[in-house]
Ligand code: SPV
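Okay, so here's just one chain, in structure tokens, the form predicted on its own.
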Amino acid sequence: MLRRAIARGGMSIAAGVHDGLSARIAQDAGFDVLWASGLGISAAHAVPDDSILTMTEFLEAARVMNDSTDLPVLADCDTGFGDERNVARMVERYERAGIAGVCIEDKVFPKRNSLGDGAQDQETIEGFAAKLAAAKKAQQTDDFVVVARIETFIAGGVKEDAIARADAYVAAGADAILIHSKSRDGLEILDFGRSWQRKDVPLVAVPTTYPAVTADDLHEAGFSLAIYANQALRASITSMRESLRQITHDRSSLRIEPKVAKLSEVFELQR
């Protein structure tokens, strides 16, 4: 299902989710893929998205999402939780759990969230290619997907470096390329998509900081998957904060009742 969703020629959208409930809501909303968001899972644990949680904690969250829905789960696995041996073990565990694919990024462990403050240090091309090769060697089925996430633009690099990395990562076995950016207009992402010559390899984008760029715009530039990685998390924070503050102010929930889900809707999501 994941391979079909990201295949070149089509355009799918993924929802960033952080637990079973958000996964079911995303499925009911019509998304094609679930993104087991590293930021979302970290935030649900109230810790920074800076390689604080363990692989086991990330895996358990992805397993709950997978067991709660019929959609394929693409798991955000940061830098792979270590070196090539850690990456190989990660693939074995995620694949055994039924997760459809993993995404690892070419930054140095421990990583920092790409959209936060602080330095962003990339792994060498050779070092990250070795991780990808280890991941592909470890997988047991042809269906499992390994996505290589390029952080060149996040680290302040140029398109030529990003393209060189994409070519090297595909040669090492990557099934798809995710090119990330925190630009406000998304132009460097669209330019990358139009410039990269490998039209047979799926391209993935995460339009968090450039929301005016639509999935259709990305598709025209050569992308086949857009990940809306943290909107559900952010929406839930806003709603919970406003509702709970209203209750403490009023000493009653009367004013928020028309604005929140009925208990029957909760029961329905619980099946």
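Residue positions are given as counts along the sequence shown, with the first one as 1. These figures come from a predicted structure and were not determined experimentally.
There is also a form predicted together with the ligand; it is not shown, and the following applies to it.
S.K.: For L39, is any heavy atom within 4.5 Å of the ligand in the model of the complex, or not?
M.R.: Contact check for L39: yes, within 4.5 Å of the ligand in the model of the complex.
S.K.: With heavy atoms only and a cut-off of 4.5 Å, decide whether D106 touches the ligand in the model of the complex.
M.R.: So D106 does not count as contacting the ligand.
S.K.: Considering only heavy atoms, tell me if K131 and the ligand come within 4.5 Å of each other in the model of the complex.
M.R.: No.
S.K.: Should A229 be counted as a contact of the ligand in the model of the complex, where contact means heavy atoms within 4.5 Å?
M.R.: A229 belongs to the contact set for the ligand.
S.K.: Which of these stretches, 184-192, 159-167, 86-94, 107-115, has heavy atoms within 4.5 Å of the ligand in the model of the complex?
M.R.: Looking at the partner contacts, the answer comes out as 107-115.
S.K.: Can you tell me which residues in 124-146 come within 4.5 angstroms of the ligand in the model of the complex, by heavy atoms?
M.R.: Heavy-atom contacts to the ligand in the model of the complex: nothing from 124-146.
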